[in-house]
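Take a look at this single chain in structure tokens; it is the form predicted alone.
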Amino acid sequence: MARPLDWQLATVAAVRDETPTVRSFTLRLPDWAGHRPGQHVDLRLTAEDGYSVERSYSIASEPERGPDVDITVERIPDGEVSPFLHDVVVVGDRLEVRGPIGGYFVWEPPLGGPLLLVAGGSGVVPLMAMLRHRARAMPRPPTTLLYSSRGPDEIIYRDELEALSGAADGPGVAHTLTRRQPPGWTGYARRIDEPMLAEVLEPLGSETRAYACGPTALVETVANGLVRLGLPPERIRTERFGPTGT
């Protein structure tokens, strides 16, 4: 069985669009040891002249999927990897992958809940692995996702989130749209702030476990706000990346 840091060739089994600039890829790995929701994989592209580049991508799928692992990639126009994945890669292609990697930003049912998941933009990806895993688990802890997007067309997994939240004992899902709201919008319409966090945290209580992923400024706002609201720092896990304007 492969170790997490052994490279292996994954076959692209499916490709699907999530938004106009975000695409999910199902990678079928020949020797996958399984993962925990919140972990990531490294992906390596190597040119004919030997030049190689690596990027890390959070795993979006639940562990129950077995050797099929989903990654969800936002197209960065001047990036080295994401344009290739979006514009060139098709079903049947093979990509170098290693993982799973990481053990800090993970959630599994034995850790318990309630859960507050806070995402900005593509920061929803590792949290989606947690939500998908929760849907397969018993018992299911009370859970709320607070998700910040710039506009309705940029909500990743929009239909699936709606279906999950509409299921029996499904998670609560609260959206905030920071730049563009459709007519009749009744959700939040501003960047995540402490009053918003207080509203979504209150029904969950002081024993909540919180996971926040997204641009650095958003994650810092969330972590600091939750501490001021009384959530112990040891119950807050964060993962951050560069700014995306959410």
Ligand SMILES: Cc1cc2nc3c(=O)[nH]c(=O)nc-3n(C[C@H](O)[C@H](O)[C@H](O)COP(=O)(O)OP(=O)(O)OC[C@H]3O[C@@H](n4cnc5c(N)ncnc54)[C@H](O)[C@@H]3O)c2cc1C
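All residue numbers refer to positions in the sequence shown, first residue = 1. None of the values given here were measured: they were computed from a predicted structure.
Omitted from view is the form predicted together with the named molecule, to which the following refers.
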Only hit among P152, P109, G172, G79 for heavy atom within 4.5 Å of the named molecule in the predicted complex is G79
Picking from R36, R55, R209, R65, the single residue whose non-hydrogen atoms come within 4.5 angstroms of the named molecule in the predicted complex is R55
Only one of 119-127, 143-151, 89-97, 162-170 has residues with a heavy atom within 4.5 Å of the named molecule in the predicted complex, and that stretch is 119-127
Quick one: does R28 come within 4.5 Å of the named molecule in the predicted complex, counting heavy atoms only?
-> no
Query raised in the report: Using heavy atoms and a 4.5 Å limit, would one call V73 a contact residue for the named molecule in the predicted complex?
Result: yes
